[in-house]
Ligand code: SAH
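Coming up is one lone chain in structure tokens, specifically the form predicted alone.
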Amino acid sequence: MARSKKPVQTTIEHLAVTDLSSEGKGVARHEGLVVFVQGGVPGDVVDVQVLSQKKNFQEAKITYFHQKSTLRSEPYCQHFGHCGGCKLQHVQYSEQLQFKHKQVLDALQRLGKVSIGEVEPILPSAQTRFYRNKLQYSFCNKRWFTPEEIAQQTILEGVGVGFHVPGRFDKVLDIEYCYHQIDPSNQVRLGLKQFALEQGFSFYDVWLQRGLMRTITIRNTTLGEWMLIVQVGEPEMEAIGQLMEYAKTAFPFLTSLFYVINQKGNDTYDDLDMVLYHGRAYIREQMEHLVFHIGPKSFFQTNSPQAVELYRVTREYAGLTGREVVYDLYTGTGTIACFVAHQAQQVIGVEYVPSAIEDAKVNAQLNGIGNTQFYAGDLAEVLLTPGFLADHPRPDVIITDPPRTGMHPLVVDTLLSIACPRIVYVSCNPATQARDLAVLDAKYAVKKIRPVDMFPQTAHVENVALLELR
């Protein structure tokens, strides 16, 4: 006779939250299971409702507070808890920094078993609100409704312009005010929404993959320049012209105004033609003495002031004297390469996105930097191409700044074979960085690390590690 399963406990009372997870959820323990508590903060004592049960953990939400943590902070955004963009607003910023610092150490030491020489304190962000220089808002013909709206039994229909609700690609939370980007960012979003409604323009339907208004991307720089990219889902040229004329007139501060017609199944437009309707084809950003051109497809760190601090740490760890050959892997638009070039003999940047390499060449030329070379292609293939290392001077320092997935195993193996004296590894994902460092441990020692907070109010953290050949 089959043994009956133990029924899932749907509520837990007087649960003590003791930690934060890497995703920013509260962590508690009950009857041998880890309980991830939405909105929980270490020091909370709460009653919770269990939402899901897995083999080793449960997901739960708070139903009652017996004790609120002294580490709590009052969320300032009306959309907190629904949007998912700033999941740590309810945690004091000083505690956010401690949590992120611990997250890096847990990934490297506990999971990756990496031995670290020196651990420098996390570098806080001077700005904790309005720090982003790029936001993308989605238009949706059926917006997401909050539990409060449902409880009020209002008319549950309408369109929305905002961010996709976590776990729902087809639903958008209508944003009234966002604290991510300085104004007039909010006015641009709300103005375009109102104009589209007045003109009767259709909002995008993800399921049917049609509708005129699809997304807008708003970019700005510390020099006060603004770029607006309007992505439309239908080639309705008359409507597009009206939309562009409205944006041009209503937002005279725009440096660049683009539109792109996208009839694909996803919102990416790197492979599509961008149409410059008004203004300049780029905006400019300044970092120290350097000026960078940012086009509609250019990658650039989304927290400009903190990016300067991140690159300063990177340059410091590189320990350049002016005589070194530097390889800058995953160079992107060449920001790090240009940032360190004046202290190096030569910098060779490699990036798999051809358009980014073209931006890198422009940025180097713009700043009068003549000791850089940039190559487009898959990093593993470029570095392993017969003759590449023979045709170029071997590196004294390698800087690598890969995407969240970390470095490809072939790239890691190539770094081991090159045996460069010093590697500076910049990462936006401590977990994949720990994985790569564990492999590089065969030849390299991690001399020191420094976490850098690029994204306040979120669980994300960057980390810079200095590796030296054993």
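One-based numbering along the sequence shown. Computed from a prediction, not measured in an experiment: that's the story for all the values here.
Keep in mind the form predicted together with the named molecule is missing from the figure; the text below concerns it.
Enquirer: Can you work out whether Cys140 and the named molecule are in contact in the model of the complex, taking contact to mean some heavy atom pair no more than 4.5 Å apart?
Expert: Contact with the named molecule, no.
Enquirer: Is there a heavy atom of Thr372 no more than 4.5 Å from a heavy atom of the named molecule in the model of the complex?
Expert: It does not: once the named molecule is placed as it appears in the model of the complex, Thr372 has no heavy atom within 4.5 Å of it.
Enquirer: Taking heavy atoms and a 4.5 Å cut-off, does Tyr282 contact the named molecule in the model of the complex?
Expert: Looking in the model of the complex, residue contacts with the named molecule do not include Tyr282, since no heavy atom lies within 4.5 Å.
Enquirer: Is Gly112 part of the interface with the named molecule in the model of the complex - any heavy atom within 4.5 Å?
Expert: Result no; Gly112 lies far from the named molecule in the model of the complex.
Enquirer: Counting any non-hydrogen atom inside 4.5 Å, which residue from Tyr179, Tyr246, Tyr277, Phe299 sits next to the named molecule in the model of the complex?
Expert: The option sitting close enough to the partner is Phe299.
Enquirer: Considering Phe99, Phe292, Tyr204, Tyr311, which brings a non-hydrogen atom within 4.5 Å of the named molecule in the model of the complex?
Expert: If I apply the 4.5 Å criterion carefully, the residue I get is Tyr311.
Enquirer: Given that the partner is absent here, state which listed stretch (112-120, 179-187, 349-357, 83-91) has heavy atoms within 4.5 Å of the named molecule in the model of the complex.
Expert: Residues of 349-357 come within 4.5 Å of the partner.
Enquirer: Since the partner isn't included here, can you check whether the named molecule sits close to all of Gly332, Ile336 and Pro402 in the model of the complex (heavy atom within 4.5 Å for each)?
Expert: The answer is yes; Gly332, Ile336 and Pro402 each reach the named molecule.
Enquirer: Mind listing which residues of 375-397 have a heavy atom within 4.5 Å of the named molecule in the model of the complex?
Expert: Those in contact are Gly377, Asp378, Leu379.
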